[in-house]
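Take a look at this one chain, the form predicted alone, written out in structure tokens.
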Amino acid sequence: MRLERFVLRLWAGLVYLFLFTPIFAVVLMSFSTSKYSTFPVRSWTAKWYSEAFGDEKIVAALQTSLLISIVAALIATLVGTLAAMGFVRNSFRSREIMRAFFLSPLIIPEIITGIALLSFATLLSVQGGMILVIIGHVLIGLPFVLTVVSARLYGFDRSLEEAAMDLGADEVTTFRKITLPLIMPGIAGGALLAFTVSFDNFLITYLLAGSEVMTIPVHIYSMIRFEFTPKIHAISTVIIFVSVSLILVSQLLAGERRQT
């Protein structure tokens, strides 16, 4: 048993090393004085960060990504929360089919989702742009909101709502003062995951954005193609930090859900 446990831990460690070594390398090279991706790093500097945030195109792309991610996360959170309430609190004939439809973006490749949206927009004579990108990001963010909020609702004590209504509260007041505060950690966790998925997305954005919308992942891709610079390492490190921080916060909220 000890040997098997050791082998499993060693294998898990090798897998984590394989997955995270390139990420650590990007972070380290973002502080290198060299203009080239050399390793190991011989001397350190933070000038690439100042140059990255002094680049108007990078700042504009970052602002666009934040705007799209916030709007997409808000819409996905609203729709996903309402859908979770409907699926958990009600039983109807097509419930499982509808749930599978909402969760389908998790298993359908993003390129298929992007091509489907692009084809649908073409049929409607709609050109690519921010609205189409937001719709695509809402679709890929919905499953995360639905999953997290549904888990919160399944562990919800309905007797609290019944007690509030017995004391004279109507359904709206009960939802606002009892249900919503108790499921808020799940809603917030789902919103953070939806924001992270939207902020990091490249493929759907690249297919739907057109020439007018430039998010930070798409801009990094264009920089790699035409002008490789250590600023790419710097802004990539910022994205990694933001994404990991949001995921950790969502996990903390999920931990709060399990404790309650």
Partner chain sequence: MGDIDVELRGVTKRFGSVTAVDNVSFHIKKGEFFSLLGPSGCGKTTILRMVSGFETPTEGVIEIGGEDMSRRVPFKRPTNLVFQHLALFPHLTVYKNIAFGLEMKGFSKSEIRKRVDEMFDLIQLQGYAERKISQLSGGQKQRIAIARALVNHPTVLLLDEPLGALDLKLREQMQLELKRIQREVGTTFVYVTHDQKEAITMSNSIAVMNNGIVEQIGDAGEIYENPRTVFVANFIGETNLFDGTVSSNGNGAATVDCAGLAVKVAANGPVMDGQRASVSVRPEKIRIGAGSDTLTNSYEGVVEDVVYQGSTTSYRVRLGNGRDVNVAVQNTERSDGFSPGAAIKVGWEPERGVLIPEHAP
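Computed from a predicted model, the values in this text were never measured in an experiment. Numbering follows the first chain given and starts at 1.
The same protein has a further form, the form predicted in complex with its partner chain, not shown here; the description that follows concerns it.
Within 4.5 Å, heavy atoms only, one stretch in 101-109, 129-137, 70-78, 180-188 touches its partner chain in the predicted complex. Which? Going through the listed ranges, the match is 180-188.
Does its partner chain get within 4.5 angstroms of any non-hydrogen atom of M165 in the predicted complex? Result yes; M165 sits at the interface with its partner chain in the predicted complex.
Although its partner chain is absent from this view, report whether T122 comes within 4.5 Å of it in the predicted complex, heavy atoms only. The answer is no: T122 has no heavy atom within 4.5 Å of its partner chain.
Contact between M85 and its partner chain in the predicted complex at 4.5 Å, heavy atoms? Contact with its partner chain, no.
Contact flag, S94 vs its partner chain in the predicted complex, heavy atom cut 4.5 Å: Heavy-atom contact with its partner chain at 4.5 Å: absent for S94.
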